[in-house]
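Single chain ahead, written as structure tokens, the form predicted on its own.
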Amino acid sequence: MTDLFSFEPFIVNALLAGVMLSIVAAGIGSLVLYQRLSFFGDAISHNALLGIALGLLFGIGSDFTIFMVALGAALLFFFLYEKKVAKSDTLLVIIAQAGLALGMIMVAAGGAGSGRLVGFLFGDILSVTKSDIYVVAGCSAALIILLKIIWNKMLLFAFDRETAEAEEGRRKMLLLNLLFILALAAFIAVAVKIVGVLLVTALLIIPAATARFFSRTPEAMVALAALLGALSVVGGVFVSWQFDFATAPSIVVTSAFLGFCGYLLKNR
């Protein structure tokens, strides 16, 4: 453990970025669970690879292209869902798999090797730089402020959509939903670089789902999810360092382990 916390710059950067994202993920993930949109987050994150591929092909910053593709995928889902083209779970599976497959094709066509593709899929938290930290900090602060503004109304919308639309107006709730989509897309755009396309949903959902076992209020759920997410980051980095495992998957496995322990504790 002494070796781990020798405060190498890349370790400090990884821990800072991971903990900040865990705090934001606690709020967004809790709303995702309350609205029963777990598959929605998964579909958006899978489309992030398409955003990465577009960034590589056109020489544009990948953060921007990931955000735009994530937002586009989210808006596509809501448009098709409102038109009742198919059930929500069917639409999400189609959007997720199509985006992931198209992204892999475009990455390969752009000349990215398999090693680089693995990096996109599973992330590399240990490569986070100081400039990345500033981006994560800025985005985290903005997202936390946004969540604080829309929190109560989005909770009401999740529990009783008809009442929320009656009290606030359908157009206002549609705008708030759009803001929430923007928050989710922005979180995914930032988090993909750290935990990768395939694991970002786990960071978003597992701590919140675990916290739900022990929380009597939504606010308590967010606080506990943030703590569990931070513990997952620290524990995952420690496991990765000690056993030479891939870091991002180690964080997710640690989070799943905490979730499993929480389930056993709750049901003993």
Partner chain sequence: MKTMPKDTLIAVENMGKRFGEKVVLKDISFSIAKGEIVTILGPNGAGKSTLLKVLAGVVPPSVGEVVRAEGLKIGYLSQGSGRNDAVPMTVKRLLLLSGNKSESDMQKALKLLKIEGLINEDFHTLSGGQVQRALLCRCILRGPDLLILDEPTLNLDFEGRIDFYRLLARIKKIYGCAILIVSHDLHLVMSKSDKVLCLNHHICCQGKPESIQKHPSYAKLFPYAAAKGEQDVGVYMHHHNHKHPLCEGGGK
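Since the structure is predicted, the reported quantities are computational estimates derived from the model, not experimental observations. Positions refer to the first chain, counted from 1.
From this point on, the text means the form predicted together with its partner chain, which you will not see here.
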| item | value |
| --- | --- |
| Heavy atom contact within 4.5 Å of its partner chain in the predicted complex, the stretch among 57-65, 225-233, 37-45, 209-217 | 209-217 |
| Partner-contacting position among Ser127, Thr90, Asn152, Gln97 - heavy atom within 4.5 Å of its partner chain in the predicted complex | Asn152 |
| Residue among Leu147, Met104, Ala158, Val135 with a heavy atom within 4.5 Å of its partner chain in the predicted complex | Ala158 |
| 4.5 angstroms heavy atom contact with its partner chain in the predicted complex for Leu33 | yes |
| Met221: touches its partner chain in the predicted complex, heavy atom cutoff 4.5 angstroms | yes |
| In the predicted complex, Lys172 touching its partner chain (heavy atom, 4.5 Å) | no |
| Non-hydrogen atom contact Leu75 with its partner chain in the predicted complex at 4.5 angstroms | no |
| Residues within stretch 162-193 having a non-hydrogen atom within 4.5 Å of its partner chain in the predicted complex | Glu162, Thr163, Glu165, Ala166, Glu167, Arg170 |
